[in-house]
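As a starting point, one isolated chain is supplied in structure tokens, in the form predicted on its own.
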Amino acid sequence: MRSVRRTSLPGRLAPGLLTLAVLAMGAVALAAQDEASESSRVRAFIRARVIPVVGDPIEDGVVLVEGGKLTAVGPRGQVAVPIDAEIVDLPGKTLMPGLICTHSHIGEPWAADGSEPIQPDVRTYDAINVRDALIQRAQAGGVTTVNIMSGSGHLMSGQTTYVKLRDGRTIDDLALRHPDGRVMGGMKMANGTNSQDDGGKFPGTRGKSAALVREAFVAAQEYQRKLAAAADDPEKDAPDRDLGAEALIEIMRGERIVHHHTHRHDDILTVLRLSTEFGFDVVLHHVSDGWMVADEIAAAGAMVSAIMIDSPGGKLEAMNLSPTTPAVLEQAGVVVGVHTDDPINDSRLLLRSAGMAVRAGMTERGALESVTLAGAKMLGLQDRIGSLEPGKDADLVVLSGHPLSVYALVEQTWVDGELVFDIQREDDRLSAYGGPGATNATTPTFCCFEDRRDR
């Protein structure tokens, strides 16, 4: 029989090591038990003015959270608070759902490059830096869910990523996923002057821009036809795999929504025309001229994510930008959200955009929905986020006053029942107010950057 040599430390040390090992195992077990009990603990938010978004505000409300989900919402006295619940007492405060920004560039998510104008296979998921300080800044603004997308310099710049602004180490800690494990996201598209480039690889006119998009979708339809034919006939070879065509097929099947940058009224109508031709769902983003074609947008059933301030000066196609656009679209029956386009507008000021929309004629209910439930619908997540209803994710914002008041401050932000921002914490105050040290946590290096770019 083969002998086994056992190697050990001197016998007089072994009992001590054994004791340490047992203690360590016990500590790990206790930590795991504490973590499990923390996630299952009932937390009761009481005495706040609760704005559930669906239904009227509750002046003296109670919100119960357990396991990262909302379990009860209602007036104090009508919601039974468990005797062992952790109490979050909020007298004089306002409690509402976490904010949703449907158009953001936090996390440095640059995807498609300058090689061609249509790149549906590229994923922002592969480019997001979760250590970007803008993520903490968004938490300080009460933002809990974000549609992170690449820029609008392409007709199609790649797949967007839907993320929860949890405290995490990697993008996998933040990204939302489908039940089958696929990363949730839409497709960023654009038209107008951003995606034009006379004399280069990119289209020089609006007509050519639309033609290139049509060609891409027609090619994807042909790819889909060949796949189906090969599946039905073993004698036929399937085409080589095409990741870009697969993404376009997902769009046409309604599995991936298009988030489309568009400003001018004629560009908006072009998007609606393409949507009808190829049967895809679309959210129109920015829509500076949306007030001019509100009836057409409503008739198409498209949703709109509007921008209230388009800060880069000199964009002629945004010359008719009007703060009345959300109100006009709301009156036409369109689902309307507002977004930051961060860093174009600061995520900490998303509620200010909603307030501006009210000042320009939008209803208060519509404005509150524009940063919550409307955004959830645009991401296809209305059954999970966007309002305070039992069964939904426990994404919450605590404010010092009315959400649409310029004097109200975000005091706490909770994601999935976990506190990610608290104005009482020094580091969080830095994210909220800015100042030395409130920049990216990592120091960039520019070694070899110029050489790579030139090549």
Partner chain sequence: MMQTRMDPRVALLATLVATLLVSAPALALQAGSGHDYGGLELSGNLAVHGDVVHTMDGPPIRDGLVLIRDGRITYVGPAADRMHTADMVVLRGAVVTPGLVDAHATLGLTGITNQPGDQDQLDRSAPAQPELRALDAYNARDPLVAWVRGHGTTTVHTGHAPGALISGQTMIVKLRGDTVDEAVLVPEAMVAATLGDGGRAQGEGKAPGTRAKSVAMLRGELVAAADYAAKRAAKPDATDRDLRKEALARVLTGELPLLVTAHRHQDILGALRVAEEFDLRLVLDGAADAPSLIDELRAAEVPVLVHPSMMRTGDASGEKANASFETAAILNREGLPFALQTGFEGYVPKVRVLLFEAAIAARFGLPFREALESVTLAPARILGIEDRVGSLEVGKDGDLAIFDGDPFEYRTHCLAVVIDGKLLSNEAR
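Residue numbers count along the first chain shown, from 1. Computed from a predicted structure; not experimentally measured.
A second form of this protein, the form predicted in complex with the partner chain, is not displayed here; the remarks below concern that form.
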Fill in: Non-hydrogen atom contact residue 408 with the partner chain in the predicted complex at 4.5 angstroms
yes
Practice prompt. Could you confirm whether residue 401 comes within 4.5 Å of the partner chain in the predicted complex, counting heavy atoms only?
Written response: yes
Worksheet item: So, in the predicted complex, is residue 349 in contact with the partner chain at a 4.5 angstroms heavy atom limit?
Response: yes
Item to complete: Examine residue 364 and determine whether its closest non-hydrogen atom to the partner chain in the predicted complex is within 4.5 angstroms.
Response: yes
Worksheet item: Where does the partner chain sit in the predicted complex: which of 42 to 50, 57 to 65, 424 to 432, 384 to 392, heavy atoms within 4.5 Å?
Response: 424 to 432
Worksheet, complete the sentence: Note: exactly one of 257, 335, 274, 358 sits with a heavy atom within 4.5 Å of the partner chain in the predicted complex, namely 358
Worksheet, complete the sentence: Exactly one of 319, 252, 243, 218 comes within 4.5 Å of the partner chain in the predicted complex through a heavy atom, and that residue is 319
Discussion item. Is it the case in the predicted complex that 182, 296 and 301 each bring at least one heavy atom within 4.5 Å of the partner chain?
Written reply: no
Discussion item. Need the contact residues for 272 to 293: heavy atom within 4.5 Å of the partner chain in the predicted complex, sequence order, or none if there are none.
Written reply: 291
